[in-house]
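What follows is one chain in structure tokens, specifically the form predicted on its own.
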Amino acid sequence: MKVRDVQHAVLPRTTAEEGSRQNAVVSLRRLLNSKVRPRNVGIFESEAAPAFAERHGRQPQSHEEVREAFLMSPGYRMWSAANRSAQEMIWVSVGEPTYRDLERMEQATKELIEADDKLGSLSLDSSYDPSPEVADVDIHLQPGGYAMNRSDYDVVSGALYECGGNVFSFGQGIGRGDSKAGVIMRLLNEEFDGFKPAKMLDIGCSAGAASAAYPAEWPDVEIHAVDLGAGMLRYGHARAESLGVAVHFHQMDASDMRFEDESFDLVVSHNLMHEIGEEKRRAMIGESFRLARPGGIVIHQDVAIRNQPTLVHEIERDWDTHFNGEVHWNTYATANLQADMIAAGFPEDNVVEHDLSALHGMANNRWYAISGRKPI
């Protein structure tokens, strides 16, 4: 199950016309990502820097000045506007089938989460008020955000996340056979002697695709998954039950989880660090250390935007902070994550940063991960 776009009962059923519109968005995004965006750094030299120098009598030097210069470039502004429009088109293309098919999806959700023979479980906390630094932001412009929860069987946020994420990823050139969980399982096989946990935790599980991939590959693993959004968790639980895998979903904040110390052999997160601020990220890493058993492994995986070669590259990659609802994008990209892991308690010699290739798709697609092993 280490694939994208897997079919299940709560996935919106798209018509041929809706699928065609989604494919058109994928094609547009591939064009922008493969043909247009790679020219941005060159455009900085040919358009942006000269325009800044003409206005200020010198070359741009600081983050703010490089960003100002980029915005003075017609070529960069054209790409930026097109990229923003393409991102908005993602949500239109997946929103239409989601809301058209919602009655069926909610009925399927109800039947799955109330079934007597469930494999996993769902624990929601009606008193929990999701953290505003995530809940109050439409991250990557997803309408309603991650914490949207409209009714007892609402799954819109999860459906939008999974379907929108697929359109986004295919538009990046990522193949259908790729998955974040698959990348981590390959890392465990190659760098940790084929380590397989008995009990694991997925922090910030969103719609639960990665969470369900682990027990599909390791049927005997007991996996728990946490997120702040009730709609996300409800969708993830129904999705896992439909696929016939056992996952235990919990509504918790990643920075303050209600599990006993040393509960898990393996603790992972996928693309979480760039969605939360510095304070919450450090608390989350501290929690991952607390919850790992002696000798257990912690792996925090995320997007490969770190360690850009120049300031110009860094600011070009920081577009998402300002135009895509990713308010902590550059905070993550420039963080000293090794220091965060060491401060949480991991021995320095046990903390490793990994540059990981995608499983399928374009050869230049990369993932980032940082791992630590808790002392025995």
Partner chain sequence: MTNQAQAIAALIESARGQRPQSLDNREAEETLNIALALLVELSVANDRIDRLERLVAEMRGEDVATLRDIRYEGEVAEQRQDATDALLMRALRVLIDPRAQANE
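Keep in mind the model is a prediction, meaning the values are calculated, not measured. Positions refer to the first chain, counted from 1.
Omitted from view is the form predicted in complex with the partner chain, to which the following refers.
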Item to check | Residue (of Ser151, Ser85, Ser123, Asn189) lying close to the partner chain in the model of the complex, criterion heavy atoms within 4.5 Å | outcome: Ser85
Checklist entry - Considering Asp129, Glu262, Glu111, Asp136, which brings a non-hydrogen atom within 4.5 Å of the partner chain in the model of the complex? => result Asp136
Next on the checklist: Given that the partner chain is not shown alongside this chain, does Ser357 nevertheless sit within 4.5 Å of it in the model of the complex, heavy atom to heavy atom?
Outcome noted: no
Checklist entry - Is Val221 one of the residues lying within 4.5 Å of the partner chain in the model of the complex, judged by heavy atom distances? => result no
Checklist entry - Can you check whether Arg100 is within 4.5 Å of the partner chain in the model of the complex, heavy atom basis? => result yes
Checklist entry - Does the 4.5 Å heavy atom contact test between Ala246 and the partner chain in the model of the complex come out positive? => result no
Checklist outcome for this item: Partner contact check in the model of the complex: of 175 to 183, 273 to 281, 236 to 244, 72 to 80, the stretch with a heavy atom within 4.5 Å of the partner chain is 72 to 80
Checklist outcome for this item: Within 10 to 38, the residues having any heavy atom within 4.5 Å of the partner chain in the model of the complex are Ala16, Glu17, Ser20, Arg21, Ala24, Val25, Leu28
